[in-house]
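Just one chain is shown here, as structure tokens, and it is the form predicted alone.
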Amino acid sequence: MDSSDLDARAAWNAGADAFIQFVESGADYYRHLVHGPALLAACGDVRGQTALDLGCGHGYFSRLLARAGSIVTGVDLSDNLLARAIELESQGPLRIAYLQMDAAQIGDRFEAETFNLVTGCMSLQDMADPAAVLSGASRVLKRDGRALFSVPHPCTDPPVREWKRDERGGKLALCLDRYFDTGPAICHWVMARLKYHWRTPFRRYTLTQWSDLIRDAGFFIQNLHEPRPSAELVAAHPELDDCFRMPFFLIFEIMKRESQA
């Protein structure tokens, strides 16, 4: 099956129960211990800021932003993921507004210069048109606003990716190939930690392609962050040793070019 044959909304609705359990059980330890906290830290002091969280799913990062003092609007395609986000909001209100919509439509849905912050926690690579999403983000951000989004690190997430292991199964070295094979693809969610398996469409980009998308949307890259757990955290959570040795995630911190004027 080609990724163009896989409807993103239907795919994420089908995987919603497994994804929710994956995150809420703590099994998604990279999210809880590595890239999620790193993205929040990169956002800095968000108290009193208006934030738009793209591809918010069941609200994991939206809730982090709200607890840090931001006024949050979360958007996502999946009805089933948003239903859980709304359920959690009713159980412990954080004044988060959730909307079911395609993130590519934000430029038409919201007034210009509405938000101080636009975020995407491991979500832009799953969107059919990241160029339109970034263009919309540029429109809805205030002149001095920022956008921050995390993606799988392009250098360690190519189509060919396999750990060379020792006799006991320990990870010796990460073998990578076909970095320049980009475009639409299918993510097969098959980890043993999942309640069940499913598939979702996504897009692969090289670092240059991400940079071009950002530039063409009217942004410049202010900072890049490569989240890495501390040695102390790895000692307490040995399962994080692989992303201590190699960068698994990349965070782009971008601003509108006109903010430099």
Ligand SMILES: C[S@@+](CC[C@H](N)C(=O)[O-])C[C@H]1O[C@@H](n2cnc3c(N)ncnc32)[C@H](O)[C@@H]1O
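Position 1 is the first residue in the sequence shown; the rest follow in order. No experiment lies behind these values; they were computed from the predicted model shown.
Another form, the form predicted together with this ligand, is not on view; read the next lines as being about it.
A.B. asks: Report the residue, out of L148, V140, A132, L77, that has at least one non-hydrogen atom within 4.5 angstroms of this ligand in the predicted bound form.
C.D. replies: When this ligand is considered in the predicted bound form, the option within 4.5 Å is L77.
A.B. asks: Hey, in the predicted bound form, is T73 touching this ligand, heavy atoms inside 4.5 Å?
C.D. replies: Answer no; every heavy atom of T73 is more than 4.5 Å from this ligand in the predicted bound form.
A.B. asks: Do A103 and this ligand come within 4.5 Å of each other in the predicted bound form, heavy atoms counted?
C.D. replies: Because a heavy atom of A103 falls inside 4.5 Å of this ligand in the predicted bound form, the answer is yes.
A.B. asks: So in the predicted bound form, does any heavy atom of H225 sit within 4.5 Å of this ligand?
C.D. replies: It does not: once this ligand is placed as it appears in the predicted bound form, H225 has no heavy atom within 4.5 Å of it.
A.B. asks: Would R31 count as a contact of this ligand in the predicted bound form, using a 4.5 angstroms cut-off between non-hydrogen atoms?
C.D. replies: R31: contacts this ligand in the predicted bound form.
A.B. asks: Please name which of the stretches 50-58, 226-234, 64-72, 206-214 has residues with heavy atoms lying within 4.5 Å of this ligand in the predicted bound form.
C.D. replies: Looking at the partner contacts, the answer comes out as 50-58.
A.B. asks: Taking this ligand in the predicted bound form, would W12, M122 and D126 all count as contacting it (heavy atom within 4.5 Å)?
C.D. replies: Yes.
A.B. asks: Would you give me the residues of 35-49 that have any heavy atom within 4.5 Å of this ligand in the predicted bound form, in order from first to last?
C.D. replies: Nothing in the stretch sits within 4.5 Å of the partner.
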